[in-house]
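One chain follows as structure tokens, the form predicted on its own.
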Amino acid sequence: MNKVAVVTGSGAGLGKGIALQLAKDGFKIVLQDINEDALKSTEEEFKNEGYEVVSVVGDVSKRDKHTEFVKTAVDSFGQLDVYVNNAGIDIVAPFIETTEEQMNKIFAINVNGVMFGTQAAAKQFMEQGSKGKILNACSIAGHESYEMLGAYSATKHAVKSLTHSASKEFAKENITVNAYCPGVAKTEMWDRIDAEMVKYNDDMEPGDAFAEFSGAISLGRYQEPQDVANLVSFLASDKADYITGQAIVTDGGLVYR
């Protein structure tokens, strides 16, 4: 295979798992994260495993940075085939206490970042005259809105909408746009969500929120990064060429849509 993928937010967590699976699939990888230490550690780890990889630090909320990420892929490996808009943040707060600063920050990263990444990738695919695949990080919160996660849920509903719109506009260019929707994974993000929920509920102990959410999963276990990476691997492959505009849930049986 001679394909190239950019994965934003891939210094750790689900993004790292996605990038690792794509590397195993034969992709050359551009790792991206705002956390330089995590990014460099992951890059070194991948290189030690023999994968072709470069890394680039940047803020996904800035439109010109996505142009830089794409340029890194083209300069390093000659082309772009898959762009994974994985980077995102969470905010846990009661609806009435959510601040203007929090709203601006989470929408800048979770929504603007997806918009700008999709634009940059689509432009490159059209310049190449090739097909391309854009994959966006949605969530079960893009299908079901949750208390204490009002702002986060709103951003993920927006990601789903952007995915639908972009898929319609770019279909004639043979560019597919899909979203993957993880559930409850034991990641640093979920550790933060759990800790924040405890602050607002005197009856909860650390770990209770995670246990409550993960306890409702039909398959009886919380999600691992590999569960998400497996879906992204399929969507990034030629086998998914006839799939576009979808926001596919991978949650072990938690949200049924």
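In this text, all values refer to a predicted model and were calculated from it rather than measured experimentally. In case it trips you up, residue 1 is the first one in the sequence shown, and so on.
There is another form of the same protein, the form predicted together with a small molecule; it is not shown, and what comes next is about it.
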- Report the stretch among 164-172, 96-104, 138-146, 76-84 that approaches the small molecule in the predicted bound form to within 4.5 Å, counting heavy atoms only. 138-146
- Would you kindly say which of 208, 224, 52, 188 lies with a heavy atom within 4.5 Å of the small molecule in the predicted bound form? 188
- 29, 60, 70, 229: which sits within 4.5 Å of the small molecule in the predicted bound form by any heavy atom? 60
- Could you confirm whether residue 89 comes within 4.5 Å of the small molecule in the predicted bound form, counting heavy atoms only? yes
- Message: Test of understanding: in the predicted bound form, would residue 120 fall inside 4.5 Å of the small molecule by heavy atoms?
- Response: no
- Query: If you check in the predicted bound form, is residue 152 within 4.5 Å of the small molecule, heavy atoms only?
  - Reply: yes
- Tell me, yes or no, whether residue 158 is in contact with the small molecule in the predicted bound form, where a contact means a heavy atom of each within 4.5 Å. no
